[in-house]
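Presented below, as C-alpha cells, is a lone chain in the form predicted on its own.
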C-alpha cells in the first residue's frame, strides 16, 4: 500500500521556493530621522518659556550677541554683494542686531587690519559697511515668542521674519540665497548631515555658508561635576548635559554635504559665574537646557542632594584659586564653506608643486634624529 501523499493538502504557495531577499545597504524612510537624540518638542517649549520672560531673556543674551558679532566679522572678510541672505535659527534676531551696529562692522575696525597701517580706511565710506552689501535678510526661527521678543532693529537692511516648523526641513527652493548664516542654533538638530545638504541646495553656486555652533567640550565642567554628584548620591549616572558634535567631525560632514573650500576653527569662551545655580539658571533662561530624547527615568531629575553635591564638586575640581566665582567654558565651532560653482578656486593636483620646501626653509638637508 502506497503512503498517502501530503502534497494535495498543502497550499501551492507553501510548495514554492521563495528567492532570498538581501539588501547590502541601509534605507531610511522619508520624514523624521530614525536616530533622534533631541526631543524637538521639549526644545520648542524650553525656548518659548525662556522668551516669555523677556527681561530675563535679554540679560542672558551675552553669549549669543558676542558670537553673532564674531560671525558677522567673518562675513566682512568676503568682499562681495549679497542680494539675499538667510539667517537660519535667528533666535532673538542677534545677527540682525549685530548688522545694525555699523560701529563694529567696518573694515577699519576689523581685527585683521594692520595696527601700523599708514592710512586707515574711511569709516564714512558706505562701501566699508557690511550693511551696504546686504540687500535683504530673512530671519527664520522655530519659536515665535523668541523671534518676536524684541522690536526689529533699526537697520538699512530690509528684514523678513519667518516661522519654521523645524530646522531639519527647510521650505526653500534650490539656488535661492546668496549666503546662509546660522548662529548657535544647529547644535540642536538631530540630522545634521541632512540639514547641511539642504543648505547646500538652497545656496546659489559659489555662495558661502557661515555658521557658529556649540560643540566639543562645552560646559565640560558642569558635565563632569553632575556625573560625579549623581554617582555619589544615587549610585548611577544620567546624562544631564546634551551631547554635542566634535570639531573633528564638522569638516567631514561639510565635505559629505558637497561644500568646498572649508574653514573650521574653534573659540573657547570662558564665563565666570557666582555658583553653579547661577550657571544653570542662565542656561535655562537662554533656552539651552538639556533636551535629550531618552533619559533614565527618575534619575534625569536633579534632586536637592545632587545639586548641593554638584556645587561642592564643581568648586573643588574647576574652581580657580583666589576667585570667588566658578568658570564655565563654552566651545564655539565656527565654519565657513562654499557651494561649488563655476570659476571657483580649486586646489592643485597632488604632486604638481613647483617649489621645493627646502628652499622655503633656507636650504639644507633634513636630519631625522
Partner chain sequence: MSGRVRPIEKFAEAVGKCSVEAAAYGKCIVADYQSVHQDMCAKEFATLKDCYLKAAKKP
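Please read these numbers as outputs of a predicted model, since none were measured by experiment. Positions refer to the first chain, counted from 1.
The next section is about a form of this same protein that is not shown, the form predicted in complex with its partner chain.
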Does its partner chain get within 4.5 angstroms of any non-hydrogen atom of residue 63 in the model of the complex?
no
Does residue 293 reach its partner chain in the model of the complex if we count a contact as any heavy atom within 4.5 Å?
no
At 4.5 Å between heavy atoms, is residue 228 in contact with its partner chain in the model of the complex?
yes
Please run the contact check for residue 70 against its partner chain in the model of the complex: heavy atoms, 4.5 angstroms, yes or no?
no
Note: its partner chain not shown here; in the model of the complex, the stretch from 73-81, 253-261, 165-173, 231-239 having heavy atoms within 4.5 Å of it is 231-239
Identify which of 320, 36, 305, 340 has a heavy atom within 4.5 Å of its partner chain in the model of the complex; exactly one of them does.
305
Considering 190, 194, 138, 284, which brings a non-hydrogen atom within 4.5 Å of its partner chain in the model of the complex?
284
Which residues within 246-281 place at least one heavy atom within 4.5 Å of its partner chain in the model of the complex?
275, 277, 281
